[in-house]
Structure formats: C-alpha cells, structure tokens
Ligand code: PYC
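To begin, one chain is listed below as structure tokens, in the form predicted on its own.
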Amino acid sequence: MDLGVGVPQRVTAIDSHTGGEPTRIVIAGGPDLGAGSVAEKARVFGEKHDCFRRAVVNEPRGSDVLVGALLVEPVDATCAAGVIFFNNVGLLGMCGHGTIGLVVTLAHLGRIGVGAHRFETTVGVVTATLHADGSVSVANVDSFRKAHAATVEVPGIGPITGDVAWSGNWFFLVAEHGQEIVHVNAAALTGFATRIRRAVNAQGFPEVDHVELYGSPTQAGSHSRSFVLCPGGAYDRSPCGTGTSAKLACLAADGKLAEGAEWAQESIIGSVFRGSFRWVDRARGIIAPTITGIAYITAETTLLLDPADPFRWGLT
C-alpha cells in the first residue's frame, strides 16, 4: 500500500508452472533497457536493474525456486517477443521450461495462437510451437558436449565422473553417483550436487552452473530420471528443458540415441519432457534439440513495489 511516501510501482505478471517448475513472466512495468538486441538489453538489466530482478523473484514476493522472465522488444522482426530469463541469483542464458511457460502465457493473453513462433533470447533465437492439445515444443539453441568423462575430486565424497555440456546453460551430468533420485531425498541431493558443482568449478570448468544427476526411470515409457541443481541452489521440479537438451547432446555424441528418435526424461517429481534432436554438425558433435512439455497458468498478478517498503527490492 501507499504509506504516503510515494506511489507504489505496479508490475504486471503472469505465473505458470511447467511440469511443476514455476515461471513468473513480467508483461508490464519493467525497467527501460534501451535499444539493442535482447543480449544487450540483458546486459543493461544485469548491470543497472538487478534490484528489479530481486523484487520479482526473491522473497517476500517470490522464492528460491521461482524463475522470472521479462518480456522485451526483439531486434529480430521475425520474433514474436524477446525474453530475458532470470532466477534468485542472476540472469539465465536460456530456460526450456520457462519458454514453454512463455508460450502458454502469450496464448493465455491472446497474443499468439497454435503454430510456430520465434523468440529472441540472450543466447540466440529459439522457435517454440504451440500444439492444438496445449503442449509446446521448444527448438532449443544448438547444443554440444564439451568434455566427456571428466573426473573431479569432490571433498567428502571422492572422485566423481561426468560430462560437461552446453545447451543454453552449462551442465555437469553425472550417471554414477550412488544417490537415489526420489523427491523425499531432495535435500540430500541438493547438498550432494552443490558440493559437486563447487569441485567442478574449481577443477577446470568454472562455467558450469547446473549439475544433473540421472538414473533409471520410474514410469513406463520413460528413459531416464533426473535431479537438476540450478544456479541459485534450488532444484528443478521439471525435467529441465536445457538439462534434457544437454542429455540429448551427450547421448548423440555417444551414439546412444538416433537422430529423430524420442527420449522421455522424468523429473524428480515425476513430470516428463519428451525430446529429440537433429544433427547440425555431426563431426563436431553439435545438435539441435527439441523439447516438448506443457505448462499451466496459475495466476494473474500485480506486484506492488512500495517506496516505503524496506524490502521493496527483495531479499538478497
């Protein structure tokens, strides 16, 4: 409320969840980021308006698990919108579940319909297709494996071996970890993966910000079950769109999945993304992954940033 010091800033947002993972998309009331590409706008956003990021996704209005997105004007005229993704600690390069949420949000607002739509992100243009059944397929940025079977010494755990892959974000993917990937084990998995990430960052891969532990599926028709640690310390409730893309890049590099074949990835809570890929450059191991999932609108909201509120800009 207005306590007489000033008029609260109003921020209009649409909330959704994709496979259990929440997204809050700011559709009005964001900062002026000037002209330029989405990547350039993201730089301005990060350097000059980080307080706005905190206000949208951090407590007391948000939570560690909430992923935010800011709609901006794209430079590419073929794009339906530009989007900057962010979480509780900073900006994200790309967000698969968030892009699915974006498409469903824009459809909810009547801005797009069934069919293919292009979106300008900070790491390039992606195409997302809204299907008649409400599901969304995201053609992600080109993805690849950077390092195979990299072993790091994790204090208190021992040697851990995994693959490093790019899919719009950097991942360290681990198959042999000895952990049970079930929801009731989420706290232990979070601590375990956090220690792995610290070791990976310190031992040759400082760019890695996501850790993906994967194992056997629990549902008929699924191929794998994953736990994904996100940059801010929260875990992904969805199977993770960029995480599934990274997994596809590793499978392709190992010759374990054919071009065009479907891969069903479970999340730790049981939601499923379906993915496939096509080769972009087989010699260099570069693929173009596509991930399909569904999102649901959960709220239409107006955030109020009261100048008198000592936590107007969120908790750090």
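Each residue number is its position in the shown sequence, starting from 1. Every value quoted in this text rests on a predicted model; they were computed, and no experiment measured them.
Quick note: we don't show the form predicted in complex with this ligand, though the next part is all about it.
Using a 4.5 angstroms limit between non-hydrogen atoms, Gly241 touches this ligand in the predicted complex. Mapping the unseen interface onto this chain, Leu248 falls outside it, with no heavy atom inside 4.5 Å of this ligand in the predicted complex. Put simply, Val211 is far from this ligand in the predicted complex: not one heavy atom of it is within 4.5 Å. Although the partner is absent from this view, Gly96 contacts this ligand in the predicted complex, with a non-hydrogen atom inside 4.5 angstroms. Only one listed stretch (177-185, 101-109, 142-150, 87-95) carries heavy atoms within 4.5 Å of this ligand in the predicted complex, and that stretch is 87-95. Between this ligand and the residues Ile160, Ala128, Cys230, Ala81, the one pair within 4.5 Å by heavy atoms in the predicted complex involves Cys230. Just one of Val38, Ala55, Ile268, Val67 comes within 4.5 Å of this ligand in the predicted complex, counting any heavy atom, and that one is Val67.
Contact residues in stretch 18-48 (any heavy atom within 4.5 Å of this ligand, taken in the predicted complex) are limited to Glu21.
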